[in-house]
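Heads up, the chain below is alone and in the form predicted alone; it's given as C-alpha cells.
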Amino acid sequence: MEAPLKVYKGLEGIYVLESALSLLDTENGKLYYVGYDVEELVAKSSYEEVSYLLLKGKLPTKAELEAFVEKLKGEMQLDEKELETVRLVSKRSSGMDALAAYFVLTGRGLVDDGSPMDQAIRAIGKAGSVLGNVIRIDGGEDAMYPDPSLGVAGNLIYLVTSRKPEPYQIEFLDDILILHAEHGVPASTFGAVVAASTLSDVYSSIVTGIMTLKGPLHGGASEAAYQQFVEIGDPNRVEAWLEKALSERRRVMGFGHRVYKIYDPRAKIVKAMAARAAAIAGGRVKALYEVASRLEEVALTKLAPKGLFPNLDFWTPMVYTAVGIPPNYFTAVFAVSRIVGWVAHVLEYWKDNRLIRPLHLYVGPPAGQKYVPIEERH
C-alpha cells in the first residue's frame, strides 16, 4: 500500500536551498557568518565589514574594505530628488511600508544601473538614510541630508536625533546591525529568494523581504517586548503580571524561537549590551532594563523547561532606546540591517537559479463535480 503523502506545514525541518552564508548551531548555541563566530565579529568587526563578508564570502583586505566603504558612503547620499521621494512615501505611510515604498518607486529606475552586486550595495547604503528620514518626518521634522562619514549606524542615529551620536551609541547600534544581518532562511529571506527565483530584480526581492518581515510572527517582537516592559512598569510587579499572563495563555514577548530551543546566542550578547546601556544612559533605559532583568529571572523558571528562552528581541528594546530609535521603528531598523542578508542570499541563489514552485496536497471535494444551473440550486 502506498504511504500517504505528508505535508510539512511551514516547511519546518525541510531544506530548501544550500548556502555558505550562515550556520546556526542550535545544539551549542552558536551562530557563524561564513564560518566566523558572530560573537567575535561583534567584538572586532563592523557592520560594513560584515556586509562585505556576506556579499563576497570572505573578509576583506584593508584596501578592499576601504574601497567598499567608500562605495557604500557614496550610496548613502540622498540628493534632493531622493529626499522628495522620501517625503512622498512618508506622507502616505511609515516604517516598513515607507521603506518598501521607497524601493518600489526608486528601484524601477535602478534595475539596469550596474550589476546586481552594485544594486545590492546601493540598497544597503540607501536603506539607513531613507529610514532615518522617514523617522524624522514622522516626528514632525523635515528631511535632511545624510552624513556618510558616520557610517551606517552613526548616520542613522544622526538623522533620527539631529545630532552627532556618542561613540557608545554608534557602537551599540553597529553591533545590533551585525547581529540582525543574517540568520539562515526565515520567512523574509525565503520570500526574497522566492521573488528572486522568478528572475525578478534585487529591489523587488528586498521589497518582498520587507513586507514579509512586517508580519508580527516574524518581525515586531522587539516592539512588542518594549510595550510589555512598559505595561509591567515596575520590577516588583513582574511576578503578578507573569502569573496573570500565563493564566490567560498570553505569550511572553521575546521568549522562544522557532530554531533555538536554548538561549539565543545573539540574546546573550545583547543582554550584556543592554546592561551597559542602562548603566550609561540611565533614566528610561535603566527602568526598562530592570523590568526586563526581573522578568527574565522569573520567567525562566517556568518557561525554560518548555524550551523557551530569551531571544534577541527580548533585549534589543533597551539598546534601541539608548540610541534614540522610537519604539514603533524597531522592526524597520531590523529590516535595514537584514537587507544585506536578503541580497546576499539572492546573489548566491542566482548562481544556480531554479524557479521555486512547491506542490500543494489537494483536500477538496472529489473531482468531477456536476455543475448545477443557478436556478436549480438549493
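Bear in mind that the values here come from a model prediction, so they are computed numbers and not experimental data. All residue numbers refer to positions in the sequence shown, first residue = 1.
Beyond the structure shown, there is the form predicted in complex with ligand CMC, which is absent from this document and is the topic of what follows.
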Specify the contacting stretch among 276-284, 119-127, 209-217, 151-159, defined as having any heavy atom within 4.5 Å of ligand CMC in the predicted complex.
209-217
Option touching ligand CMC, based on a heavy atom within 4.5 Å in the predicted complex, out of 104, 298, 88, 308:
308
Using a 4.5 Å heavy atom cut-off, which residue among 253, 131, 170, 78 comes into contact with ligand CMC in the predicted complex?
253
Residue 303 within 4.5 Å of ligand CMC in the predicted complex, heavy atoms:
yes
Although ligand CMC is absent from this view, report whether residue 73 comes within 4.5 Å of it in the predicted complex, heavy atoms only.
no
Contact between residue 261 and ligand CMC in the predicted complex at 4.5 Å, heavy atoms?
yes
Please tell me whether any heavy atom belonging to residue 271 falls inside 4.5 Å of a heavy atom of ligand CMC, as the geometry stands in the predicted complex.
no
Within 320-358, the residues having any heavy atom within 4.5 Å of ligand CMC in the predicted complex are 334
